[in-house]
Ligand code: HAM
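Below, in structure tokens: the form predicted alone, a single chain.
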């Protein structure tokens, strides 16, 4: 029985095959995400993996349905596996925002699903670190969120030589379009063209821009100048005050979700250009109002950081730790007459916070010691009688005899 295409099996290390994923590496990433978010004062939330299909079409339009795992359930409801978390967040905030003081700073680590073509860095499911700040319009909020992106990546050992935050603004492009005499009715077409500049052939972009009253040279000049707006300058100064200036670059080629983002946008890229975007986000001041049917109107901004690209980057930079066993102690039961008292010792040590392993069934002492070495435990303990144990420190082979009640004090 094979797993579905685009989905992953997560095994404990050591991995049995290169075609599977590490559960230990996944937990390592989750722990860094959670720790950094909490340092910034973000609180964790979650929502259901199944949502009404309408939640996602309201946010992204009917065209998103082709990218979803959607179906009609047994109650006749049109539903979908969540392809993203922000609509769920907007729904939750709109329902109970009066119960929370602003700004709301929340994060989640959902598993997301999209039915789309698999490629490097993109599967049909992935886990994603989402952090959102709701109820604040000041650029200080944008700077705070970008700083969280930077410090999250730094938590993995990545530096300014490894990644850069490409900072942009939809407002800057709107001003460019307006001052250039663009037709307001065709603004969306213009943004579409800008969004595809890096992927489209120059002559194709030139043709589309010309039909809108602009030239590719004008657009390229604006991008190359990279002159920050007052809003972006505020963010740059805020981040510079934190010592994070080297991580930021103004790059107006970044424009992101055309019908979604409303102001500052940003993406994190590895500087060698080997991978897809590591993270991306920005302002989406209209979503809560849209999802609530106009009942709740709150400004918001957020970002997402997927585990697939991040894990590829950490592997490439040699920044994943070696995932050895997490066991602290192996209790050797050499004399089966002492198994009952050994089980009590094992229980007490686990209750004291130690990770303890032992042989479930009778086995020769040398076989048990071999297993202890495989697990790379710090200590072995062997009951000498119903009152005393012998504790061996595996690194030095030093041994000490102690009473049962005192055993934990010798495991430091």
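Positions refer to the first chain, counted from 1. As the structure is a computational prediction, the values presented were derived from the model and not from experiment.
What comes next is about the form predicted together with this ligand, which is not displayed.
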Self-check item: Options 119-127, 243-251, 229-237, 172-180; stretch whose heavy atom lies within 4.5 Å of this ligand in the model of the complex
Solution: 119-127
Practice problem: Answer with one of 222, 260, 191, 156: the residue that has a non-hydrogen atom within 4.5 Å of this ligand in the model of the complex. | Solution: 260
Quiz item: What is the one choice in 162, 195, 97, 84 with a heavy atom within 4.5 Å of this ligand in the model of the complex?
Solution: 84
Self-check item: Any non-hydrogen atom of residue 107 within 4.5 angstroms of this ligand in the model of the complex
Solution: no
Quiz item: Hey, in the model of the complex, does residue 270 get a heavy atom within 4.5 angstroms of this ligand?
Solution: no
Exercise. Determine whether any heavy atom of residue 144 comes within 4.5 Å of a heavy atom of this ligand in the model of the complex, and answer yes or no.
Key: no
Self-check item: Exercise: residue 114 in contact with this ligand in the model of the complex, heavy atom 4.5 Å
Solution: yes
Self-check item: Non-hydrogen atom within 4.5 Å of this ligand in the model of the complex for each of 277, 284 and 308
Solution: yes
